[in-house]
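First comes one chain, alone, set out as structure tokens in the form predicted alone.
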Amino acid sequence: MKTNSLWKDAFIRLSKDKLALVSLIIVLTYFFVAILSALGLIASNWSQEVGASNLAPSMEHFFGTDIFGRSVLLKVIRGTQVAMSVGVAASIIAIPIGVLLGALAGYFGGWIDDFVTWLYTTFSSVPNIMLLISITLILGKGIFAVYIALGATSWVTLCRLIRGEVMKHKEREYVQAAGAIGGGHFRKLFRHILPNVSHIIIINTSMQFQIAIKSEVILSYLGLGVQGEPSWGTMIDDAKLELVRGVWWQLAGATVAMFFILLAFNILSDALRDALDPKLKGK
């Protein structure tokens, strides 16, 4: 009887999950909007005055205007660029660190494992938000400080998972066979073991995005994140005083935009976990 590979089986499962496909479309749409904004094709004139101060949502201004007469819709779009860029930058920094440290610790053990375990235990013992605030204060306010802070603190979970999986795989027959034909440690680790635990990296990446987006919103709300351009966090912060005057649309625009992308990533993460987990194959 012919069996499907893990990746083919995962693709079949995902293609049958309509909710996961809708979530994937939402995520891709956000990425597309962020890319267009980064290229200056849309929302490049977000800082221009388009109407009177605090205009309510209408057919002319779908999300209304802020206190300076700027389009809230364009600010939400610009905030999408910031949110997605934070997710990408944090993943680019955190994933290599987590994979490399976890793989080395799980494969070689000994003092390397002791050091890596001590390192991620130390990081995880400090409340994440306090660690983020400390790093951004040291590096200075701004989007690049957020990139580095999130990347430098988001590798712990992935490192722990990769370490455990590598410890299980290094004793399996296919790894021993690779060693029997002359394969060295790094060949066995990077050529044979890591490809078989790559599904964990993919699942963690999806989870990493939503964590990074929420963290950036919190930091920007506290005034430690994005400076000089719209962010969902700064929009929520600006809306605090506006709510007293009944101006709710800036808060609504930022929270609705954040709600859909976080919900989509949550659903997609669960679907990827169910589809890529070898233990669930065939169920």
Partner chain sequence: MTKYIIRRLLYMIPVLLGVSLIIFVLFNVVSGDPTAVLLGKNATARQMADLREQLGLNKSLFSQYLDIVKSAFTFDFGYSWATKQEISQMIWQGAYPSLCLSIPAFVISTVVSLLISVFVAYYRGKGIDLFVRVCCIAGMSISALAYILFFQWFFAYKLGWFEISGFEEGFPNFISYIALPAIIWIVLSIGPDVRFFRTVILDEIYQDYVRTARSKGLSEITILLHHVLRNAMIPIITYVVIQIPSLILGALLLENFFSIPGLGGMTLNALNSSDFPVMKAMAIISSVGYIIFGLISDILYTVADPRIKFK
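Residue numbers count along the first chain shown, from 1. From a predicted model like this one, the values you see are computed outputs, not experimental measurements.
What follows is about the form predicted in complex with its partner chain, which we do not show.
With the partner omitted from this view, the residue of 95, 88, 139, 73 that lies near its partner chain in the predicted bound form is 139 [heavy atom within 4.5 Å]. Only one of 135, 100, 161, 143 lies close to its partner chain in the predicted bound form, with a heavy atom inside 4.5 Å, and it is 135.
Only one segment in the set 24-32, 37-45, 221-229, 52-60 has residues whose heavy atoms sit within 4.5 Å of its partner chain in the predicted bound form; it is 221-229. Contact check at 4.5 Å (heavy atoms) against its partner chain in the predicted bound form: none of 111, 201 and 212 pass. When its partner chain is considered in the predicted bound form, residue 17 lies well away from it, no heavy atom lying within 4.5 Å. Under a 4.5 angstroms non-hydrogen atom cutoff, its partner chain in the predicted bound form has residue 131 among its neighbouring residues. For residue 123, a non-hydrogen atom is located within 4.5 Å of its partner chain in the predicted bound form, even though that partner is not displayed. Among residues of the shown chain, residue 157 is not one whose heavy atoms approach its partner chain to within 4.5 Å in the predicted bound form. In the predicted bound form, its partner chain lies within 4.5 angstroms of at least one heavy atom of each of the following residues of 233-257: 236, 239, 240, 243, 244, 251, 255, in sequence order.
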